[in-house]
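Presented as structure tokens, the chain that follows is alone, the form predicted on its own.
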Amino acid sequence: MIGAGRGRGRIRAPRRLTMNLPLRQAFTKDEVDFEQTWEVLHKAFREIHARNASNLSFEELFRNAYKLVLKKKGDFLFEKVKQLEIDVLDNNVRTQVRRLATPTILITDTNDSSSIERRAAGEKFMLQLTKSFQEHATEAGMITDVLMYMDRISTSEGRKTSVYTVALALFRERVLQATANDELAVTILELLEHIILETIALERSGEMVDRPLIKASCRMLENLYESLNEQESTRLYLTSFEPKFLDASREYYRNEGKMLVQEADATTFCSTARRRLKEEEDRCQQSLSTNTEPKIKSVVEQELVSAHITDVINLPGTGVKNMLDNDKMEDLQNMYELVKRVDSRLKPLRDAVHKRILELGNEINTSANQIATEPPSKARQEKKDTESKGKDKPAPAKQLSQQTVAAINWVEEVLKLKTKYDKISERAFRSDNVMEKALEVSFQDFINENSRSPEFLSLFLDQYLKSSGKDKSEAEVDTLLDNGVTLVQYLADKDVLETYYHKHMAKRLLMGKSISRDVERQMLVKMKMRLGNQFTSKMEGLLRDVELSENLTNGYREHMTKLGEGVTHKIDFEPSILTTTVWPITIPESDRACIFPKEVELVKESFEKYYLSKHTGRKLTWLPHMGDVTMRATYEKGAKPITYEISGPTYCMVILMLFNEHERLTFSEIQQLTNIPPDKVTQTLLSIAVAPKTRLLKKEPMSRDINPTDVFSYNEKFEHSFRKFKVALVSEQSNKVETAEQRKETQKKADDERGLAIDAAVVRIMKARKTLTHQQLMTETIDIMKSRFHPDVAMIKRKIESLIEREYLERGADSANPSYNYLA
């Protein structure tokens, strides 16, 4: 504003003088009367201050000033001008300003009428002061143009300061730093600052104020300096007003913060804080100075946000917990942006989100474990089969076990929770890396808090990779599996998941329950991308064995057809050839000596002969406890016999076919004729002689237990509501879920495999490094192992000791600094 005003009134030296002699020669021939010349200039300068300069000849004024400077009268002229400015400021400008500096401005009464009167008086005072400054600056600019030559000579010699600079400095000294009036013991500057601060306080309370008037006042202070040097840091705005503004703002926001925490909810606090920051930004742009913007924002952030944000985040009922639970995206975004301003690491928000996810995750864990351990409901035990219109339709699928239900519920709830927080991260936290890492750690913590999470995740994947998942579309199954694999990244003990998944996949493929091999391969590709080749190598071996078994079966059938024996056997034989090192199968010694029916024995011997002709040096071990059969049984029911198609374990077929040749057999006789282990005989007989829906045999005496003296015979009165049905072992669970003892065995096996992995890792490290300190070896071993499981430090130490005993390593000579050397 000052520059613009000065530019409009600027008077420049004439380009050419209307005389024959050069200017310097003309002025040197005549003596100059200083007083007379000054009188001309003085009168003209008075007219300028009276804003009546339209009739002045500025060329003549410039000549007069030029003559005085040329005759070495510049210093006198400078002092005369300075005195003139003092006189104008003291008698005209200051008087006009003081007239409006009434005591009303400083009244602190909160009465409405007094407040309105005080505000009006303050605005009049500001208006007069800024108007007086603008006029003074314009007039000083015009006078400076007249004295241009004097300024150039004086400033080049370093003797004097520019007239314009002195004029503004005098305004500061004679007006702003003067007392407001005899009744007010404050300077005009202090009164101005008080009015500006009061006006800003009114605006913060919601009142409309005259922003251009405040802007004009602040510009005035920005154009005035503490000294004639006019250094940037000495602007009155920076040295006087801004510190007071920041102090007043600091007190205001400190009190407002305390009030909001006590009276408002978290949503109101966040919206208020963001509104305040925006208001201060606008105020600096439109009323104050843009240089103040970062400073006042820092005050708001410290006093309003930083001092209270932790309390606001944890406010009961309205804090971050409530926002998360109710998907309040806008509120969470406001909270995130506020915390981001005061803490780049977002610690209070991270802690609150982490705490809530842990709470919800532990609830999911507790619920799943309760489902897995509670006794089956009476409704499930007594539920009857749904009748079917067609008698030749298969029976409905068996209900899922509680373990599987618990696993599916657990994974689905975790995925639901993850989907919820992924959405919050994207929409509210702007996919901030710090928050995404916090979410990852939170999910890792509660997932790994549940010791059964690897088993649950494997059971979930197993359920949808089995043929029972065919009720869903391919896209739905793919999405479910993708989501399941996503959780793998959170598991610390990935090797335990590998153990379970390996076992479940082997059972799916062996029992023919896999949804399809293509889906199995796709699943392995997904896992390989997440976990690497080591995780999937054995599982890929399972698929290779199944495919080789199919090719071998087809080859055997062609071979039998050529021999003309395919029709003779009347048995559709589908062997599965399993590589011992690939399949997770324990072979009980007692299961190997089963005596098969002679029809089956012929096929068995025929296949062995064919297989060994193709593969020399190999040995086949038959595992009847892993097989299953489908057989037909015909019952004479009046004129039309009824044929049932019965599916069941191999042992079921072995026992049932005994009754083609025997009318009655005791338990002991059955065991002797089949050589099946007694516990397996008991389990099978419970399924085909005691279970109410599959009593293919009669038992005498009839009871729920099997005793060595019990007698069994063919049940010619057997009936079933379906022509095709399956005999399930009484104690068998449909998804082969582990018992507590089996789970301990699995963990023991995993620990043994971990020990071997640690052995191998230590040897590889030492072979490459030759010598390492104890701490270095521990650190490198943990880094290698943590991708598969969370290594136990004590186990690593035990394995190092074992390697020393086996002479793979030796201790270093310096016992004070433990180290190890590799022994080649």
Partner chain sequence: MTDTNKDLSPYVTLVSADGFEFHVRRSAACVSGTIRRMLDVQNNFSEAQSGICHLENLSGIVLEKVVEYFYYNEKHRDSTGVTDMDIPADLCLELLMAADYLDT
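Positions refer to the first chain, counted from 1. Between two forms, the rigid core is defined as the largest C-alpha subset superposing within 1.5 Å. Everything numeric here is computed off the predicted structure, so don't read it as measured data.
Only in words, not in the display: the form predicted together with its partner chain, which the text now covers.
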Go through D145, E85, D710, E303 and name the one with a heavy atom inside 4.5 Å of its partner chain in the predicted bound form. D145
Please identify the residue among A757, I784, A53, V763 with any heavy atom within 4.5 Å of its partner chain in the predicted bound form. A53
May I ask you to state whether Y66 is within 4.5 Å of its partner chain in the predicted bound form, using heavy atom distances? yes
Please tell me whether any heavy atom belonging to F58 falls inside 4.5 Å of a heavy atom of its partner chain, as the geometry stands in the predicted bound form. yes
If we define contact as a non-hydrogen atom of the residue within 4.5 angstroms of the partner, is F596 a contact of its partner chain in the predicted bound form? no
Answer yes if any heavy atom of L772 is within 4.5 Å of a heavy atom of its partner chain in the predicted bound form; otherwise answer no. no
Honest question, do Y635, F718 and V727 all end up within 4.5 Å of its partner chain in the predicted bound form by heavy atom distance? no
Answer range among 453-461, 673-681, 614-622, 145-153 for contact with its partner chain, defined in the predicted bound form as heavy atoms within 4.5 Å: 145-153
Once everything's superposed on the core, is S249 shifted 2 Å or more at the Cα between this form and the one not shown? no
Once you line up the core, how about T138: does its CA shift reach 2 Å between this form and the one not shown? yes
For V40, decide whether the Cα shift between this form and the one not shown is 2 Å or greater, given a superposition on the rigid core. yes
